[in-house]
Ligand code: ADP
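Given next, in structure tokens, is a single chain: the form predicted on its own.
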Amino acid sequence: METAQAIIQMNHIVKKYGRQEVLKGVTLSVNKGDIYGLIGKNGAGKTTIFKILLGLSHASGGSLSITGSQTTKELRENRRKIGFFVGNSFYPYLTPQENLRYYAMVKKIPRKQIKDEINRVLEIVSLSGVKKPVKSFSLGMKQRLGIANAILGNPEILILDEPTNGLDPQGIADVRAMIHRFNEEFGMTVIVSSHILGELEHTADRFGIVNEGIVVREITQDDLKNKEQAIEIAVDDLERAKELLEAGGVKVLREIEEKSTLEDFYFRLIGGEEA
């Protein structure tokens, strides 16, 4: 069995703003090829983690490695392998093509490739041919444009901070499908945060649960599926069957014990109950 390769490794990352300690020793590992879901309530530290990964904020302590970086110089260079969506920041009077042309130049995409690259990413997010200025966009269109900007240049790592925030069910499903495409077709490692735990459960394969400035647990889809080991049997007299099984020392679950949901796991853990 091949050993998972950590593409991002944070070890005991601390972040302080004056006397306020926002991150209190975050340790997490994102493996190459993961769709990694970052979970936590507002103020838990998710956005600060993203800012440190992107170099928009500097850690007060701890260590960070991206794609094997060993030095500060390597870390700075390897951050160029990250595409990110952390809110929308576009010029409202420009078209999507004009906005993306600006960001393509910032990302130092070769000039002769810019037009084709813009067309490629706009097609992926279903904004091809849209010529109106961004100020007239719906929220869903702005989210799509933000994702298009994030994937300019086909980055190795993609960070999406609340990409489904405010979207309707169809918009949420579309974003989920795009994330799976980025991962499966383009080989991107994706880190995504969301308040919609049920949706994130259907999107990610590994999860980091952040609470009060630390990652309290990292889990996988298998951890959710293996919450209870159970055998399902069909009987004519349910109550009589329960009596006989319990008399024999067999644990009887609710009629069928389904797998633990991500939401169940999260609230048991954050609520202090054993998960």
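Heads up: residue numbers just count along the shown sequence, starting at 1. Bear in mind the structure is a predicted one, so any value in this text is a computation, not a measurement.
The protein also exists as the form predicted in complex with this ligand; that form is not presented, and the subsequent description refers to it.
Q: In the predicted bound form, does every one of Tyr93, Gln97 and Ile118 come within 4.5 Å of this ligand, counting any heavy atom?
A: Not one of the three qualifies.
Q: Do Arg206 and this ligand come within 4.5 Å of each other in the predicted bound form, heavy atoms counted?
A: Outside the cut-off, so no.
Q: I'd like to know whether Arg217 contacts this ligand in the predicted bound form, with contact meaning heavy atoms within 4.5 angstroms.
A: Arg217: no contact with this ligand in the predicted bound form.
Q: Using heavy atoms and a 4.5 Å limit, would one call Gly37 a contact residue for this ligand in the predicted bound form?
A: Output for Gly37 is no: heavy atoms all beyond 4.5 Å of this ligand.
Q: In the predicted bound form, does Thr47 come within 4.5 Å of this ligand, counting heavy atoms only?
A: Although this ligand is absent here, Thr47 would touch it in the predicted bound form, with heavy atoms inside 4.5 Å.
Q: Looking at 236-244, 24-32, 37-45, 62-70, which stretch has residues with any non-hydrogen atom within 4.5 Å of this ligand in the predicted bound form?
A: Contact criterion met by 37-45 only.
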